[in-house]
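Next comes just one chain, in structure tokens: the form predicted alone.
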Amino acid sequence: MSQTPRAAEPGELLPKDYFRRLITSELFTSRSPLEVDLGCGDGSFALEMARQYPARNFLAVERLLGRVRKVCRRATKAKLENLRVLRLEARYTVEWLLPHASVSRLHLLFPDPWPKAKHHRRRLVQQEFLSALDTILVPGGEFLFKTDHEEYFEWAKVELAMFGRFLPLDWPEDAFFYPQTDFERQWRAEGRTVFHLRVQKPTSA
């Protein structure tokens, strides 16, 4: 017996076909700059960004259905028409689903660091991911990364240096409005150091 497709939650992006790249108009009807929160957790970061920047569109990507439903409810209650939620694995979203040259900023905040050496291959920041990221970013688009795991931070810097296509950017604390995630608030309260980096795709080849 075939299963009936799950109905989309209000504010959820539910692609008709997960085996082709989307076109930009399938994400949002407006042509506003698109920002992606990859692995949005409880959605607090994406929700605050969407409130602060109504002239931008935000796509929150999360694998867990319960979290997707929670973020959709909060976005609907806040009437944030510039925020949609996609239930999908992060790597697949970047490598196979998002349109080419469509994303102005991609935020990867506190991803699983996979600390054991035998699991390092599961880390998201690797050459294949960075190549896909280069494809989906617009010229001048940015990648912003935060982690409390120092070794993963050093790993990410090495991978970016090996890739060699992105330009490093300064990221002082007061550079622009950038809310803390639930993880960041928790870990800063515990006295942990938060490491961050920000890079940009060149505006010309």
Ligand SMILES: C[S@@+](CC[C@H](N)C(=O)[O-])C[C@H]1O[C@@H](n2cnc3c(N)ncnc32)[C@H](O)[C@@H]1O
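Position 1 is the first residue in the sequence shown; the rest follow in order. Only a predicted model underlies this, so the values are computations on that prediction, with no experimental measurement involved.
Beyond what is shown, the protein has a form predicted in complex with the ligand; the following relates to that form.
P33 falls outside the set of residues with a heavy atom inside 4.5 Å of the ligand in the model of the complex.
For L88, a non-hydrogen atom is located within 4.5 Å of the ligand in the model of the complex, even though that partner is not displayed. Using a 4.5 angstroms limit between non-hydrogen atoms, F183 touches the ligand in the model of the complex. Shown alone here, G39 lies within 4.5 Å of the ligand in the model of the complex, counting heavy atoms only. Heavy atoms within 4.5 Å of the ligand in the model of the complex belong, among the stretches 169-177, 23-31, 152-160, 55-63, to residues of 55-63.
A heavy atom within 4.5 Å of the ligand in the model of the complex is found for one listed residue only; from L109, L130, V94, C72, this is L109.
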